[in-house]
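Next comes just one chain, in structure tokens: the form predicted alone.
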Amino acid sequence: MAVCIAVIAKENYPLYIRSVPTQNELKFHYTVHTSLDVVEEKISAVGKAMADQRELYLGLLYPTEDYKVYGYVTNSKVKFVIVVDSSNTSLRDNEIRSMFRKLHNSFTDVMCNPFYNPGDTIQSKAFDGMVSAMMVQAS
């Protein structure tokens, strides 16, 4: 499904980035960081419209020739970015929402760990395993 999954802190530094295939890792880092501008635009536009009732799922941030980039923001302003291969036309919006929901639940589990210091990079094996299950297995 996904070729890159990233968790970005409130201050816009990466807490976790994982991509498949690994030879394009730098390209995906660039894609994720360029998507943060679109995320900030959508947050500020939604913030002006409704103060309290904010939709966490931001939808399609932008498509490229090869990939589609989707975004999600938590109430604590932590951003999730999922990059999906554009050739995968069978992927629906509700499936992307489901992926973000799983990612958010797993991120919440990491935050609830008393040994995790908020702001550190995420090194949880359970979180990594959940992300691996969502990633495309490159052949």
Partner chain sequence: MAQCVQSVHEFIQDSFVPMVAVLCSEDAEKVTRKNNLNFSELLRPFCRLTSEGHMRDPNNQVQVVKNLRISVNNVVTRPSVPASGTPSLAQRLLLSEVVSTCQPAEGGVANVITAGDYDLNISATTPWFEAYRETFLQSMPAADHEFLNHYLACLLVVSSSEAVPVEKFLKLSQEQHRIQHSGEYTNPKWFIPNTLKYYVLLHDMSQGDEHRADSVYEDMKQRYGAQGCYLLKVNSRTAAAGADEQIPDPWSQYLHKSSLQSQDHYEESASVLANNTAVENNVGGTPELDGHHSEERDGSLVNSLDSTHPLQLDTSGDTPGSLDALRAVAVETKAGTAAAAAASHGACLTLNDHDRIRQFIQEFTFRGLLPHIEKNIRQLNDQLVSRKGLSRSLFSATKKWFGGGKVPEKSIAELKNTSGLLYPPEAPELQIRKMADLCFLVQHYELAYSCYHTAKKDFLSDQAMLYAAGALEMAAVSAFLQGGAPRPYPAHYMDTAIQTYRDVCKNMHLAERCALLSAEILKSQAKFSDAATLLIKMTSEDCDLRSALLLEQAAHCFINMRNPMVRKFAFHMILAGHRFSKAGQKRHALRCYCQAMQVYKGKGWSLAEDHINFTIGRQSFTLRQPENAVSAFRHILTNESQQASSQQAAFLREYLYVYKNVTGVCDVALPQLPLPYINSSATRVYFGHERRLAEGEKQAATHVSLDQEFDRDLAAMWRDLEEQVVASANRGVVPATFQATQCCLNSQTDNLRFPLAVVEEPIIVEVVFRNPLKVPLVLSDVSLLWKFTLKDFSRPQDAAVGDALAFSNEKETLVPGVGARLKLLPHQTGQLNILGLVYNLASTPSTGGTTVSSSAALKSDVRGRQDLEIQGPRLNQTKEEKTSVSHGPDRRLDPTITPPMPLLEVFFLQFPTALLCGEIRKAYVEFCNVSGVPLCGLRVVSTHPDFFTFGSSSLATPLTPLSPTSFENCSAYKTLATPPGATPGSVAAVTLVSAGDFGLGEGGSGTSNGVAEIPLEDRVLKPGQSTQLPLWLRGPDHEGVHEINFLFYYESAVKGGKISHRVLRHTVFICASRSLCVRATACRSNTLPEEEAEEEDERRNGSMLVFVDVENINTNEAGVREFHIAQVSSSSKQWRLHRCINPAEDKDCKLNSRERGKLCFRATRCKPVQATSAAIEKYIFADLSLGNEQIISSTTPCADFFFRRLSRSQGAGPGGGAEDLTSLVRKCNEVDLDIIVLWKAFVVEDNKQVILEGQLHVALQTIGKEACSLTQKEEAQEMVLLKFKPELPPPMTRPSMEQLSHLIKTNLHYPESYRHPFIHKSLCLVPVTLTLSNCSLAQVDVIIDLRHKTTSPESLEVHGSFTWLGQTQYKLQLRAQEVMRVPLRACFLHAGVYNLGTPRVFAKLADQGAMCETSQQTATPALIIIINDT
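Numbering follows the first chain given and starts at 1. Owing to the predicted nature of the structure, the values given are computational and were not obtained by experimental measurement.
There is another form of this protein, the form predicted together with the partner chain, and it is not shown here; the text below is about that form.
Checking V73, V110, V32, I96 against the partner chain in the predicted bound form, a heavy atom within 4.5 Å turns up for just one residue: V32. Distance criterion of 4.5 Å from any heavy atom to the partner chain in the predicted bound form singles out L36 from the list I43, L36, L56, V78. By the criterion of a heavy atom within 4.5 Å, D128 is excluded from the residues contacting the partner chain in the predicted bound form. Though the partner is left out of this view, V3 does not reach within 4.5 Å of the partner chain in the predicted bound form, counting heavy atoms only. Contact between N12 and the partner chain in the predicted bound form is found at the 4.5 Å heavy atom cutoff. Using a 4.5 Å cutoff between non-hydrogen atoms, I17 counts as a contact of the partner chain in the predicted bound form.
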